[in-house]
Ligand code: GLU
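Take a look at this single chain in structure tokens; it is the form predicted on its own.
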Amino acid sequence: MRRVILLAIMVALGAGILPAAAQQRTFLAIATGGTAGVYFPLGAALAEMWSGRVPNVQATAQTSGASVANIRLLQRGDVAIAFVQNDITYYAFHGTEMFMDRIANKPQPAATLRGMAMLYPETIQVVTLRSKNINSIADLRGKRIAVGAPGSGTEVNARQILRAFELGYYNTRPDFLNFAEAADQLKDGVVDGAFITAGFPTAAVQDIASGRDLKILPIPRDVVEQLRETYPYYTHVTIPANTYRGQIEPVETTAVMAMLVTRQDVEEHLIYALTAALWDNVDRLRVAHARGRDVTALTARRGMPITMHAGALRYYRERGIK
């Protein structure tokens, strides 16, 4: 009998009739951001959970320049899933803003992008030191500012918010730094301020506050409403008092939303399985970072700026999530 079973397995292997799942393993790269932000710890938690909970999947979290860079990684097929700000996703899908061919004045849409889930608010935190005597974003005129890594959503937010205060790269001194670099250079007094778009509390901001007297510059509600006229994805938020060491008062500012993005060509059954595993094990994200507490299936489709992937859509429809 044992010989018969072994012979049957050998014949099945030779004929290629064993299930595909038994024959191959899917390696899945997830584009996140810098290690001092929120994307990376959440991405690492997702990779661990998907590798353990989805059969034949081996997922890894990959550091990157964040949102804009992550769109490029998706387009090239270097990753299958990415964390991206919802405003950047919209620009990419429609070929506007930084996804416009400025020479030919033609949009270059990333039409194969597909949404998986809306996640949590990403707060724009404009950080300085009290010793700098900078009290408003308008006071950054002529100052050296960390505006985010090249290809990041933070850098886009910085340009748009500076413009709302009648500032720009022409009358400031921008440095294109990731969060960890910005934190180090602000602590050392090399830069005067830093834009950091991430869920709070952000490791980079905590790092600054741990050794220096931190100040977060406000973005008042009227400026947020002005921004929303052109960029409707901004929303008004308040960073609660004592979010960071020495921050004794709440700070008004603005936020966009983080989301998970994939491509149309990623197999439907795989995205369905990954989506199901995400929401069945969402508590893992809540352990990985405080912003994981904002991640809920009930809001996974709310404000989705692009077409949903068929696999994710099937999951949400089966569970009545609108």
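From 1 onward, residues are counted along the sequence shown. The structure displayed is predicted, hence computed values, not measured ones.
There is another form of the same protein, the form predicted together with this ligand; it is not shown, and what comes next is about it.
The shortest heavy atom separation between residue 37 and this ligand in the predicted bound form is within 4.5 Å.
Remark: residue 91 does not count among the residues lining this ligand in the predicted bound form, judged by a heavy atom distance of 4.5 Å or less. By the criterion of a heavy atom within 4.5 Å, residue 158 is excluded from the residues contacting this ligand in the predicted bound form. A residue is said to contact a partner when one of its heavy atoms sits within 4.5 Å of a partner heavy atom; residue 85 meets this definition for this ligand in the predicted bound form.
Proximity to this ligand in the predicted bound form, taken as heavy atoms within 4.5 Å, picks out 197-205 from the listed stretches 197-205, 111-119, 218-226, 243-251. Shown here without this ligand, the chain has only 179 in 171-186 lying with a heavy atom within 4.5 Å of that partner in the predicted bound form.
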